[in-house]
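Let's start with one chain on its own, the form predicted alone, as C-alpha cells.
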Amino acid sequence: MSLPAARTVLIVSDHTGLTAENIARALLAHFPGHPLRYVRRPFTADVMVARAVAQEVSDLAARGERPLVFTTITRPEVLSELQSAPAQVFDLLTPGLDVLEQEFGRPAARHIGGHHDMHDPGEYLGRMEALDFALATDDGIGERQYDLSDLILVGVSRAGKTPTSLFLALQHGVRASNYPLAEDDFEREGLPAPLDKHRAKLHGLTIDPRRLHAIRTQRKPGSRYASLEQCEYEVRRAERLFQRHGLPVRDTTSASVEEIAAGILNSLRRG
C-alpha cells in the first residue's frame, strides 16, 4: 500500500513566520499519519509578494492539490490577495484582533511584526545572550562557565542535547549548557568531574538505543560508534548514572524539541 502524497502547508507571514509555523505544527500534530510538506514564505509584506504566493498556491491547485495556508499577515490588502487563492487559509490573527478591538473599544495597531518580541529589547537581548552562552558551552566546551548556567543537559552523543539547549535559549532565555557522556565517564561511579559541583543544575536526556542507532548510522554508517551494541551499552550506562545520582530525566525518542523543553522547564519550576 503506497503512502498518500504529502500535502503542502504554506507558512506565510509579513515577518519571520515563527509564530505561524509554531501554531500550524501544534494544530497539525493532532492529525498524525498525514504526510506534510512545510513551505515557508516569510516577509510577505506587500501586495505583489502576496500575489506571487497566491499564484504558487494556484499552481499547486492546478495539479490537483488543495494546500493549507497558515498566515499572520496583518495588512488587510495583503491578506486579501492570499485569501483569494484556492486553498484552505487559516488567518491566525484577524479573528482574535477583531474580538480584542471590541473588548478594548479601540482599533488594533496592525503593524508588521507587532507580535514579535523585538518590541521588548531587554527580553530580545536576553535571549540572544542565552543563545551565545549555549553555543559557547555546547558539547562539553566552556565548562569553566558552568557556574553561570541555569541548566546543564547530560546524555550520550546524539540524544538531542544541542537542539534542546539552543531552543531553551532562543525561546525562553535559559542559559543551557550541555555535556556529552563519553567512554571514560561510564567507567567511574561518580559524576564526571566538570559536573560534580553542579548537581542541582543537571538534567539527563535518554533515548531508545534503536533510535540512537538509526541517528548515528546516518552520521557515521558502519562505525562502532553507530552500532546497535554500542548504542545499547551507552544508553544503559547513562541511565544507570542518572539513577545513581537522582537526576531528572527526559526521554527524547519520540518527543519534539518543544516537548522536551517544556518538560525540562516544568521540572525547573517545580525545583
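Counting begins at 1, following the sequence as shown. All figures in this text were calculated on a predicted structure; none of them were measured in a lab. The term rigid core refers to the maximal set of C-alpha atoms that superpose within 1.5 Å between the two forms.
Heads up, the form predicted together with another copy of the chain isn't pictured, but that's what we're talking about next.
Is Y225 one of the residues lying within 4.5 Å of another copy of the chain in the model of the complex, judged by heavy atom distances?
Close contact is absent here: in the model of the complex, Y225 is far from another copy of the chain, nothing within 4.5 Å, heavy atoms only.
Heavy atoms within 4.5 Å of another copy of the chain in the model of the complex: does L247 have any?
It does not: once another copy of the chain is placed as it appears in the model of the complex, L247 has no heavy atom within 4.5 Å of it.
May I ask you to check whether A238 falls inside a 4.5 Å heavy atom distance of another copy of the chain in the model of the complex?
A238: no, not in contact with another copy of the chain in the model of the complex.
With the partner left out of view, is G126 within 4.5 angstroms of another copy of the chain in the model of the complex by any non-hydrogen atom?
Taking the distances in the model of the complex, the answer for G126 is no, it never comes within 4.5 Å of another copy of the chain.
Counting only heavy atoms and a 4.5 Å cutoff, which of 76 to 84, 171 to 179, 184 to 192, 147 to 155 contacts another copy of the chain in the model of the complex?
Heavy atoms within 4.5 Å of another copy of the chain in the model of the complex occur in 171 to 179.
Using a 4.5 Å cut-off on heavy atoms, what residues in 211 to 247 are near another copy of the chain in the model of the complex?
Stretch hits, in order: R211, Q218, R219.
When you overlay the rigid core, is the Cα of Y225 off by 2 Å or more between the shown form and the other one?
Superposed on the core, Y225 moves its C-alpha less than 2 Å between the shown form and the other one.
Following rigid core alignment, is the displacement of the F90 C-alpha between the shown form and the other one equal to or greater than 2 angstroms?
The answer is yes, as the C-alpha of F90 shifts between the shown form and the other one by 2 Å or more after core alignment.
Does A193 shift between the shown form and the other one by 2 angstroms or more at the C-alpha, the core having been superposed?
After core superposition, the displacement of the A193 C-alpha between the shown form and the other one stays below 2 Å, so no.
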